[in-house]
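Take a look at this single chain in structure tokens; it is the form predicted on its own.
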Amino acid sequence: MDGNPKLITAIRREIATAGGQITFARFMELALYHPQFGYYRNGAARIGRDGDFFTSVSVGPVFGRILAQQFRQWNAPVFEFGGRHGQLRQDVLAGAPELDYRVIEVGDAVPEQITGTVFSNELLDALPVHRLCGDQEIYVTGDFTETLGPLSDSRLPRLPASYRSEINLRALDWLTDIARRLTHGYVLTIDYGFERAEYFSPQHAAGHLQCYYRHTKSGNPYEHIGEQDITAHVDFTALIEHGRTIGLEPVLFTDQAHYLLKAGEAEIAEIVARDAGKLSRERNALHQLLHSTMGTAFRVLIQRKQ
């Protein structure tokens, strides 16, 4: 068993205390967010060329400058959840230094009332997910093997017998909490994901869980425990439907390429005109944001509370 030995010991101790098994959601929570040894809490998370994975932020500052135009249009304070050390905040403020922009990391105190924009980029896909197999839930034992058991939450659906998939109840809980705190403003969510019809399509019958370790992708969350990222694509239909029940009306749902082309029209035109025919870091960044997998795999959801 490879990974952080202290984290492995801590997880096994909790499994033993729980009677020999815990839900996969709890295993993922400990692997990523254990307060001392979790991947996102102990400094293990590495982003960019020398890390475990790329993000839209890691390709360069142009992503932040385009978002700055959107935030400037809304003319309200910005609360970024899961800012990963503030790099995106720095890029946004370079484009719109007048913005009131606050980063809220996991574990930080959240204002009881928020007026403005709640923004997250690749936050929800890293929240702990329940894994289901047909009409049962997947649990993790002390030797990090999987076993099936009853559904641990009444909100979990029953899937067809041949399906394994992930259900992100934590994302819905997060959205509920945001809607309660938001007096009025926008919720802007950018993440990997699908609408429900594609999320549960036959081609995804094995689910969406992915692990990243030094830019190598696998489907095994029990390797490199505490040293690799674990993610699952987001069911955006669930966010839209749940949002409506808690007072968040959908304004826009599209892919990242279409969103950035609209929101960053002036910024993109200026880069293209200035760097036409040249080798350009910013043109390369635009290509990755718009025309690579990032442009189509990332989805953008804007919800509004009035």
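Residue indices: 1-based, along the sequence shown. All figures in this text were calculated on a predicted structure; none of them were measured in a lab.
Just so you know, the form predicted in complex with a small molecule exists too; it's not on screen, but the next bit is about it.
Participant: Quick check: do Tyr33, Phe81 and Leu127 each get a heavy atom within 4.5 Å of the small molecule in the model of the complex?
Facilitator: Yes, the whole trio is in contact, each within 4.5 Å by some heavy atom.
Participant: Name the single residue among Ile268, Leu248, Val57, Ala68 that comes within 4.5 Å of the small molecule in the model of the complex, judging by heavy atoms.
Facilitator: Only one listed residue qualifies here, and that residue is Val57.
Participant: Though the small molecule is not shown, can you say which of Ala179, Ile104, Ala96, Leu151 has a heavy atom within 4.5 Å of it in the model of the complex?
Facilitator: None of the others qualify; the residue that does is Ile104.
Participant: Would you please decide whether Leu123 lies within 4.5 angstroms of the small molecule in the model of the complex, comparing each non-hydrogen atom pair?
Facilitator: Answer yes; at least one heavy atom of Leu123 falls within 4.5 Å of the small molecule in the model of the complex.
Participant: State yes or no: in the model of the complex, is some non-hydrogen atom of Tyr40 no more than 4.5 angstroms from a non-hydrogen atom of the small molecule?
Facilitator: Answer yes; at least one heavy atom of Tyr40 falls within 4.5 Å of the small molecule in the model of the complex.
Participant: Counting only heavy atoms and a 4.5 Å cutoff, which of 195-203, 141-149, 214-222, 81-89 contacts the small molecule in the model of the complex?
Facilitator: Contact-bearing stretch, as computed: 81-89.
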